[in-house]
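Below you will find one chain, with nothing else, as structure tokens; this is the form predicted on its own, and questions on how it binds or moves follow later.
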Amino acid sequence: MTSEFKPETDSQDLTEKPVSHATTTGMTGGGFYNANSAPQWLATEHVLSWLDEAVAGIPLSGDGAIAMADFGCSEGKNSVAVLARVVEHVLPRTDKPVQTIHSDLPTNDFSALFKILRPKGRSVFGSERVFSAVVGGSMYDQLLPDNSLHLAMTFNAIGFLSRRPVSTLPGYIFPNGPSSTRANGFVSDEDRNRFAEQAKADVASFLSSRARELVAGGKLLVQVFGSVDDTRTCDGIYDLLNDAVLEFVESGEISREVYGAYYQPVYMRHLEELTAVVAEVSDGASPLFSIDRSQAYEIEVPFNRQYQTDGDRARYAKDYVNFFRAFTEAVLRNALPDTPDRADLVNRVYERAGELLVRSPDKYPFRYAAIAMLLTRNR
């Protein structure tokens, strides 16, 4: 089982320091995130019909190109698929050039995205009127000129916080706390509230930045993993990672101090926490955005469905662990001391997670809840 939980390549330097207004260096690169993001795609796909409706209503006035941006594009497979659908709806509405913008942190591995965008030297979007650009930076900052965007979107990205609101989280590796199923740790109410406030501030920063970039009447789609009733996307995956890390704490390979300072800087919101910020973010006395629609929902997880069909624990563990390794590895690696065996230790943590899952899959049930809202930039 040892090699099953390793990325195919270490082409991305996961030990780089996060940029300003970021708490991770990005997803695992070298094609690993693209290969292990099927659940994220299904969560995105659920709201693509919203984009169809949004495109029909965006203003196409002005002298420049019709610009559309995806914030948090990672390696680009899902990002390009979304924008291909949008482009297909935009082109018949205008004779103007169309620009797709794919944005993520400067430390993100963009190499796969560049290859996807220009296969055989031509635009992947199939039209000579479509031009693409890549922009590095934190989504919590303004990254594009004022009034330059017609459509903006983000999928499965705004859950990653812009800063660490506490220096230590000694009882568990995730701000929302462990699942009721495992109860394998604790997070104090005080700390949980600090993360909720940070998550709120991040949404406000994101909306303020996009408001400056969007033209009046432009659309913004925000979608992210979260909490829906008693279903939390953090349950199962972080219980498993926490149990695996604790085994190395108990063996002495990871110190108690390192464990206390390490946590995944991600927050699972309820839909009300996401939408409530919209009314509070104002330009003068008027809100910057109006909410067209919003929804909380759950998607079926492909590796859960496959396991229910074939009962193959080894395959289930491989897919499950690779799924969450793709977005947790960079933070874990950067939390560990910079020693010659750090990369090996990271590999062994995920290998151990796989072994725990094979042994006791019922301890770590995983469900994928998501929330979304479609906004219009007020005039």
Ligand SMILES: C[S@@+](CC[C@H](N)C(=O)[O-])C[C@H]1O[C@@H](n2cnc3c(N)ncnc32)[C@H](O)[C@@H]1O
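Just so you know, these numbers come straight off a predicted model, no measurement behind them. In this text, residue numbers run from 1 along the sequence as written.
Unshown form predicted together with the ligand; subsequent notes refer to it.
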{"query": "179, 138, 264, 242 - the one with a heavy atom within 4.5 Å of the ligand in the predicted bound form", "finding": "138"}
{"query": "Residue 238, heavy atom within 4.5 angstroms of the ligand in the predicted bound form", "finding": "no"}
{"query": "In the predicted bound form, residue 160 touching the ligand (heavy atom, 4.5 Å)", "finding": "yes"}
{"query": "Partner contact for residue 354 in the predicted bound form: the ligand, 4.5 angstroms, heavy atom", "finding": "no"}
{"query": "Non-hydrogen atom contact residue 363 with the ligand in the predicted bound form at 4.5 angstroms", "finding": "no"}
{"query": "Heavy atom distance at most 4.5 Å to the ligand in the predicted bound form, all of 78, 105 and 155", "finding": "yes"}
{"query": "Contact segment among 332-340, 346-354, 49-57, 66-74, judged by heavy atoms lying within 4.5 Å of the ligand in the predicted bound form", "finding": "66-74"}
{"query": "Residues of stretch 20-35 in contact with the ligand in the predicted bound form (4.5 Å, non-hydrogen atom)", "finding": "21, 22, 24, 26, 27, 33"}
